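A lone chain, given as structure tokens: the form predicted on its own.
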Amino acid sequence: MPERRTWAVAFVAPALVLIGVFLVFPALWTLYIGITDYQLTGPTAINPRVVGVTNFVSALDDALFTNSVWLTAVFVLGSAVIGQNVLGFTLAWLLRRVRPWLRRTVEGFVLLAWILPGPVVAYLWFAVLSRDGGTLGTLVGSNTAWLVEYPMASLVVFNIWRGTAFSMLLYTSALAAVPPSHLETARLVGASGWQTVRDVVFPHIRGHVLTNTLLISLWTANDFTPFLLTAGGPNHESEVLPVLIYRRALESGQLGYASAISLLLLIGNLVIALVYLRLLRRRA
């Protein structure tokens, strides 16, 4: 038994070391910086002073922070919780019975949007939404500056387009586990498509829905890609929390303040995760 325990520790030790180096240590270092007045340049860059919870209190009183929290909630709810979830399930549901070549083609195009690097995708969408010769403006016959006049709506649509692939793949796998006999019974009794999804499919995939919603919510809340499209503008109208943190840290040089906001974002992520885990446990 001790020998087995030694082997078990030896197997998990590399993973624990990686977790400690790349997750635990950065989190603790961020906590330390967050309670100091650490600046990117100047005297406090050399000798930062501990200021306690001052940065956190300042963040909660900062109108820009409150605005970023609201925009992040809109971004997550609109593009991930609703957009990617609904579109991903719809694609998975509709592709169940189409010809294999058509299903593979659609899945390939959707996956392509997901696997392309963020800067490449952002540049493509910038070209689509540009006022001067943009693809969308040319198609609809308008010179609208979409990223300026509708920055958050543009980001929501962009993130739905880019991130739906994960939801589609997860729901495709989940639907394969639904007993065909249950679906056939629903068809024989005359259930509509919505009734079949609500009463037959959803009870079987509820755990998958919660897991998918948790993952895409956390990914979206921490996504930095919006900066590549709008840089938080115009006038902070698309400045989600990751963008605010970046601008405070590197543009304003307020590393301590930015670290405090990072910790508040981390706490928000943990709260969301605990809520979803509680729902999953209630399901079990």
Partner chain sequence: MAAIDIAGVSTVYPNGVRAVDDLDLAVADGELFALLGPSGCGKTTLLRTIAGLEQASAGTVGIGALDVTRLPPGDRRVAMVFQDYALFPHMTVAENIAYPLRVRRASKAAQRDAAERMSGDLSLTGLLDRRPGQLSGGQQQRTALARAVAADADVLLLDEPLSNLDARLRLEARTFLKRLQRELALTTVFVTHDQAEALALADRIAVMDAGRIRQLGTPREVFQRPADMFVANFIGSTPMNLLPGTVVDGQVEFAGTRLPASGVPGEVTVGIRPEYLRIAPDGVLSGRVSIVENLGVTSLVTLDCGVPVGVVVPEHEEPAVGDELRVSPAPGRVLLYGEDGRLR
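Residue numbers count along the first chain shown, from 1. Predicted model only: the values in this text are computed from it and were never measured.
The same protein has a further form, the form predicted together with its partner chain, not shown here; the description that follows concerns it.
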Whether residue 195 contacts its partner chain in the predicted bound form should be assessed with a 4.5 Å heavy atom distance threshold; does it?
yes
So, in the predicted bound form, is residue 200 in contact with its partner chain at a 4.5 angstroms heavy atom limit?
yes
Applying a 4.5 Å heavy atom distance criterion, does residue 190 contact its partner chain in the predicted bound form?
yes
Any of the heavy atoms of residue 143 lying within 4.5 Å of its partner chain in the predicted bound form?
no
Checking 105, 211, 185, 90 against its partner chain in the predicted bound form, the residue with a non-hydrogen atom inside 4.5 angstroms turns out to be 185
Tell me which stretch of 135 to 143, 175 to 183, 68 to 76, 149 to 157 has a heavy atom within 4.5 angstroms of its partner chain in the predicted bound form.
175 to 183
Using a 4.5 Å cut-off on any heavy atom, which residues of 204 to 243 would contact its partner chain in the predicted bound form?
204
